[in-house]
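The chain below stands alone and is given as structure tokens, in the form predicted alone.
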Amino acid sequence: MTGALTIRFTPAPPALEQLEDAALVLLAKRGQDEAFDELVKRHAPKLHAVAKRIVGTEEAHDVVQDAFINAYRALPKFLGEAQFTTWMHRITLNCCYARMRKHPDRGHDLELPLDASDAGVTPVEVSENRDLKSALEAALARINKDFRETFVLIEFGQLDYASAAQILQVELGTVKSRMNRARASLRDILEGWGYRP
């Protein structure tokens, strides 16, 4: 024998769940649909939470589906200048408002979570919480669109102010101002209805 046997070990690729968004985007651009599926699995819950507060529960699923379809089609143009989550939130907001323009007469059944835990809450407190939740839903639907989308992105999309500013394409100070005004508007409406938020 003249040559030595060389064994090369190729490390197994990391599981898709372990990859950062940027790596998944790159794989999805190369045609690996499983990578895009992982992005959907990772980001759909937060996007659904945002859509639900803008278009209501019934429409939210369709809006998020539309957003991911639009993202998939536009993925070759995504340059990664923004984070994938920022890009997806912007697409989702656009889909929400497109849906609202398409069905302007349709009422939107907004859904807000109750802050109180159900554990140890009396039936009277549950009833009061449901009443407050309904009031919050109605108040949120009445505030200025810019304030509402800022409030929803931060409170329900769980984004920080800087990410919300990037999605909304406004200055950080504008986001802070909108959040303050959204909270003040909600408080004024609720107090006008006899609630003490």
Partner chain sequence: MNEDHENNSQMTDLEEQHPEERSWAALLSKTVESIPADDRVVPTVLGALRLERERVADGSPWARYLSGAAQLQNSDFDAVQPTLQALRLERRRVRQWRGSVTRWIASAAAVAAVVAAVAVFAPSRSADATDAYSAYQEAAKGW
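All values reported here derive from a predicted model rather than from experimental measurement. Between two forms, the rigid core is the largest collection of C-alphas that superpose within 1.5 Å. Positions refer to the first chain, counted from 1.
The protein also exists as the form predicted in complex with its partner chain; that form is not presented, and the subsequent description refers to it.
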Inset, instruction - Would you check whether its partner chain, in the model of the complex, lies within 4.5 angstroms of a non-hydrogen atom from each of 69, 136 and 180? - result: yes
Legend entry - Interface residue in the model of the complex among 165, 143, 27, 154, criterion: non-hydrogen atom within 4.5 angstroms of its partner chain: 154
Inset, instruction - Indicate whether its partner chain has at least one heavy atom within 4.5 Å of a heavy atom of residue 147 in the model of the complex. - result: no
Inset, instruction - Spell out, yes or no, whether the shortest heavy atom distance between residue 158 and its partner chain in the model of the complex is within 4.5 Å. - result: yes
Legend entry - is_contact(residue 64, its partner chain) in the model of the complex, heavy atom dist at most 4.5 Å: yes
Inset, instruction - Give a yes/no on whether residue 40 approaches its partner chain to within 4.5 Å in the model of the complex, heavy atoms considered. - result: yes
Legend entry - Within 22 to 36, the residues that have a heavy atom no more than 4.5 Å from its partner chain in the model of the complex: 33, 36
Inset, instruction - Inspect the rigid-core superposition and answer whether the C-alpha of residue 186 shifts by 2 angstroms or more between this form and the one not shown. - result: yes
